[in-house]
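Encoded as structure tokens, the following chain is the form predicted on its own, with no partner shown.
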Amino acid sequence: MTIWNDLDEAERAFQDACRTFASEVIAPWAPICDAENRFPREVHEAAYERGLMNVSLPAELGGGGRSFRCLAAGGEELAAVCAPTAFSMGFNHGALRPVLHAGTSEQRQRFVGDVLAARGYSSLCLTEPDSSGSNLFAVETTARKTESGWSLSGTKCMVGNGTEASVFLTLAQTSVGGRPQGVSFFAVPRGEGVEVGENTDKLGFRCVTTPTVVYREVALDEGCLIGGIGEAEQILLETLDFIRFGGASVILGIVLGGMREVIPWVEQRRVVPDDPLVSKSSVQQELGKIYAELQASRLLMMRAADCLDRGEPCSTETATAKYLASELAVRATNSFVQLHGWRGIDGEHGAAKRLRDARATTIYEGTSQIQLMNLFRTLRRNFHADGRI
């Protein structure tokens, strides 16, 4: 029995469809896009045809309307073959979250409905080269109030899916009449004054393009402000909760895919005749421990999915799931590389790429250290509230 036994018929069918798609479509393109450091456009085109894009975005805005349980179960299967490709396919779910959470009906149609209708992409623009990484409220990008709306200037880096995006959800310091008004969210259409660079050369997740985006006095109308002036904090926190849930699903896929590769190998590999690697107690214990942690992380991830489906807060679940999943992925892929011997470090085999991708997951969407700091604040708050920790 695993957690997937709890899926209903529709959820299981979706999971199976994702596994088939990953095998048939993602597998041939993953090494190519990784080597060429480029967006997996061919995979996305096929995914659109099979109804595997934007699956959990609202149906009334052109999304699939599926549950977040589906997104988690299917995302893990996609990521088992190539986590970066799966991440790029699901990126709209997180990047459009500020609009879905705080936007008006007009903004939801303009920045979600119209983007999905065009088979377009959105990006979150949070991190900056010098001023903000883990401390997102230290951004230096500025939005100055004008007679017609806003003028936005600044630089963002590591912008996920940025080379493809038609709208950038951007965190900026706001100024009205020369007076600071706090941090706000803006939906910035791609156009005049928006300069998008090339994909960066990263250790892992290479097909998730991460260009630098420069804003040069970009003129925005009033409808581009998402939520109120200076009200970005709650929007950002809700958005981060969501993308960490999605990230956990993809990260666990790295472990799943690695396990599917290493088990047949240790069963067939003979250190000496009649002595298969799988017979070693150290191997059994190591893989058993990884499996135990995979199951526990899945349970937490699916609890978060259920909370999101019910519209309930789940910041503790998502921070914990993202932290545990990324740390597990690094340890597990390191073990898989070791168990594969020389094949583990050979680029022709999958273990080396999984290790590279896993290492990146402890950085993006909040480092492991940031997750622990967030959890400590929750621990301390609960302790002083009623002692129930």
Ligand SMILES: Cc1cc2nc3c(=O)[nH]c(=O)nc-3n(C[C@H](O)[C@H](O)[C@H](O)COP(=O)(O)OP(=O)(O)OC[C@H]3O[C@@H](n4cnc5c(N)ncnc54)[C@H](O)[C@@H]3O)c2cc1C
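The first residue of the sequence shown is number 1, and the count goes up from there. These numbers were taken from a predicted model, which means no experiment stands behind them.
One more form of this protein, predicted in complex with this ligand, exists but is not displayed; see below.
Visitor: Pick from 274 to 282, 140 to 148, 247 to 255, 119 to 127: which stretch has non-hydrogen atoms within 4.5 Å of this ligand in the model of the complex?
Guide: One stretch meets the cut-off, namely 119 to 127.
Visitor: Pick from T104, Q234, S134, Q181: which residue has any heavy atom within 4.5 angstroms of this ligand in the model of the complex?
Guide: Among T104, Q234, S134, Q181, a heavy atom within 4.5 Å of this ligand in the model of the complex occurs only for S134.
Visitor: Looking at Y215, F111, F186, F205, which has any heavy atom no more than 4.5 Å from this ligand in the model of the complex?
Guide: After the contact test, the surviving option is F205.
Visitor: Mark L71 yes when one of its heavy atoms lies within 4.5 Å of a heavy atom of this ligand in the model of the complex, and no otherwise.
Guide: Looking in the model of the complex, residue contacts with this ligand do not include L71, since no heavy atom lies within 4.5 Å.
Visitor: Is there any non-hydrogen atom of G160 lying within 4.5 Å of this ligand in the model of the complex?
Guide: Yes, G160 sits close enough to this ligand in the model of the complex that at least one of its heavy atoms falls within 4.5 Å.
Visitor: Whether L379 contacts this ligand in the model of the complex should be assessed with a 4.5 Å heavy atom distance threshold; does it?
Guide: Taking the distances in the model of the complex, the answer for L379 is no, it never comes within 4.5 Å of this ligand.
Visitor: Classify V337 as contacting or not contacting this ligand in the model of the complex by the rule of any non-hydrogen atom within 4.5 angstroms, answering yes or no.
Guide: No, V337 is distant from the partner.
Visitor: Please tell me whether the candidate spot formed by F91, I363 and Q369 is one where all three residues come within 4.5 Å of this ligand in the model of the complex (heavy atoms).
Guide: Answer is yes for this spot.
Visitor: Within 4.5 Å of this ligand in the model of the complex, which residues of 372 to 388 have a heavy atom? Give them in sequence order, or say none.
Guide: The one in contact is M373.
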